[in-house]
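In the block that follows, a single chain appears as structure tokens, in the form predicted alone.
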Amino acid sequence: MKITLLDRLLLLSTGFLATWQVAVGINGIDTLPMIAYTVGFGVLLLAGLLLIILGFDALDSPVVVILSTIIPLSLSLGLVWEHLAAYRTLYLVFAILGFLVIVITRSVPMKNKLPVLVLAVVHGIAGMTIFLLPFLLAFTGRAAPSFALVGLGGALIGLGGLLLSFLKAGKPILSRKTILKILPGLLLLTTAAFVLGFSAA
């Protein structure tokens, strides 16, 4: 499926929001969360630019799969480091090992389902962290109510990852055409929710 002008405009808007978040940053946080959030939004920008330049065929590249893994891992690491001090080291180890295993399983040709399984587990844990933690913090009053928008962004990016994972596994929830049609808008909504939510942090 060819990428349309509307798709490019939506992806360009996504890139603009991600760039703005990188430039503005988040006030009053430690160095590691700041680095993690900056990397996450930076890679989101890069992924959008790759789709604009290369079209949807870029999604079939192992490099794009590896890059897209950095987004949920880095954002979830920033959240855990900032709000769950007791689990910092454990989650840092998970993020590093999870990323390395995905790089290995995507770099070495495998005919089994291990690459998809590894991707689903790593994305699933990172995605659920981004989804649940902001809602919990907002609900308990440890963060502003609008911080729950970060959780909404986590749910949206998790939905996108789930759709693409099942598509690559040969068991699509929706048709490839439908997934590619909604993906640019989904990325824009995800990024907007993240930016608005982090502005309340």
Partner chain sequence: MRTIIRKFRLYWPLTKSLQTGLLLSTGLAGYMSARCPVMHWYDFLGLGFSLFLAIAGSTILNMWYDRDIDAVMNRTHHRPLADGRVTPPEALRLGVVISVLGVGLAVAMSPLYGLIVFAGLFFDVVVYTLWLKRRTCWSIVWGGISGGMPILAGRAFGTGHIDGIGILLALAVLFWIPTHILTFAMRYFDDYQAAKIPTFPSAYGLQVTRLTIAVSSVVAALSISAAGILIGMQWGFVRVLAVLSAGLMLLAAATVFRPTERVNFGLFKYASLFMLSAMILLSI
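Residue numbers count along the first chain shown, from 1. Owing to the predicted nature of the structure, the values given are computational and were not obtained by experimental measurement.
Form predicted in complex with its partner chain: not shown, discussed below.
When its partner chain is considered in the predicted bound form, G42 lines it closely, a heavy atom lying within 4.5 Å.
The closest non-hydrogen atom of T19 lies within 4.5 Å of its partner chain in the predicted bound form. Although the partner is absent here, D57 lies within 4.5 Å of its partner chain in the predicted bound form, judged by heavy atoms.
Although the partner is absent here, S146 sits far enough away that none of its heavy atoms falls within 4.5 Å of its partner chain in the predicted bound form. When its partner chain is considered in the predicted bound form, only one residue from L174, L132, L162, L50 comes within 4.5 Å through any heavy atom, namely L50. Site residues G124, I182 and L186 are none of them in contact with its partner chain in the predicted bound form, judged by any heavy atom within 4.5 Å.
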